[in-house]
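Next up: just one chain, as structure tokens, the form predicted alone.
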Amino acid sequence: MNFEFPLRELPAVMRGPRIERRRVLIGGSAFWGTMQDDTTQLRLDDGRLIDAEQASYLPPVTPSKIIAVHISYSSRSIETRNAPKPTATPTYFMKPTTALNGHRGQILKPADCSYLNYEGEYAVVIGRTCRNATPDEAWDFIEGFCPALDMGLQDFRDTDQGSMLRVKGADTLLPIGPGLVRGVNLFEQTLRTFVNGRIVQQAHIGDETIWGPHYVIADIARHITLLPGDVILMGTPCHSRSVDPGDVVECEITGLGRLMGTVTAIEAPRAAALNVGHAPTDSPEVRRVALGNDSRVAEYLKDNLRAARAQRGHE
């Protein structure tokens, strides 16, 4: 069977018209709405029109589980493995639902952690119960797509590399949104991550994809039932690097939207002073992942990150 791109036929979830659904907080209550064409207005399901630029956003997903692909972009595989394909088949980890964060939310960096890395991604959201599907069938189980930031505290990689639980699972480490979009050909879009307004990751999704969401869904659903609202994170391109408090991190996917979060400092957990659990580390393995391999990354991305850091007074 052939899972290469371009697809033989564009699936319904990627055929127009474009529809974007957002979830907002008004007066302490959550409301869903639909973005109006060529405007910044959001029409709530109760009929009210609000200014989308001024809204307070909630994640546009309510998952029972969040599953993430380790590597699915060729540039990331080349950077980390020096090969265009990392493994014969995809590998995965999970993030708890408490990691979810909304558009323009705070991304918390504890004082005892040094390496909080950004990873711009797109998320696939499941629309109906899926089990034992083929890749061709998998498209029909997708509700839509969202920009996402799969943030990671790399300081815990020495102890949690297998599970990635604390690396990727801490509270606020999954901003997602602003909205859930369908009706856009995902494989014609470009993903860009920004730090303080400067591009630090960039990839054309169709050109760099190793495994599409249809393959990943079929793979996972061989043994794990996917429920409506479940989220699958589809990996990041090269040049994931650490950011600091005050940095503004954004993931923009043409056709889907632009997601923003601000890195915010918090105190170390109280239990850390009592030597509870494995302490954050600054080992060669932690630095290998957190700092990446600059020799395999485009110069303009490195230059932009240096400028973004200088902009915040980091250098």
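Each residue number is its position in the shown sequence, starting from 1. If you're wondering where the values come from, they're calculated on a predicted model, not measured in any experiment.
Here the subject shifts to the form predicted together with another copy of the chain, a form of this protein not shown in this document.
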Exercise. Among 202-210, 189-197, 97-105, 237-245, which stretch has residues whose heavy atoms lie within 4.5 Å of another copy of the chain in the predicted complex?
Worked result: 97-105
Exercise. Quick one: in the predicted complex, does every one of Y92, T129 and R166 get a heavy atom within 4.5 Å of another copy of the chain?
Worked result: yes
Exercise. Would A133 count as a contact of another copy of the chain in the predicted complex, using a 4.5 angstroms cut-off between non-hydrogen atoms?
Worked result: yes
Problem set entry | 4.5 Å heavy atom contact, N185 to another copy of the chain in the predicted complex | no
For this session: Using the partner position in the predicted complex, report whether Y215 sits within 4.5 Å of another copy of the chain, counting heavy atoms only.
Result: yes
Exercise. If you check in the predicted complex, is D38 within 4.5 Å of another copy of the chain, heavy atoms only?
Worked result: no
Exercise. If we check another copy of the chain in the predicted complex, which of the residues in 196-232 reach within 4.5 angstroms of it by a non-hydrogen atom?
Worked result: Y215, A218, D219, R222, H223, I224, T225, L227
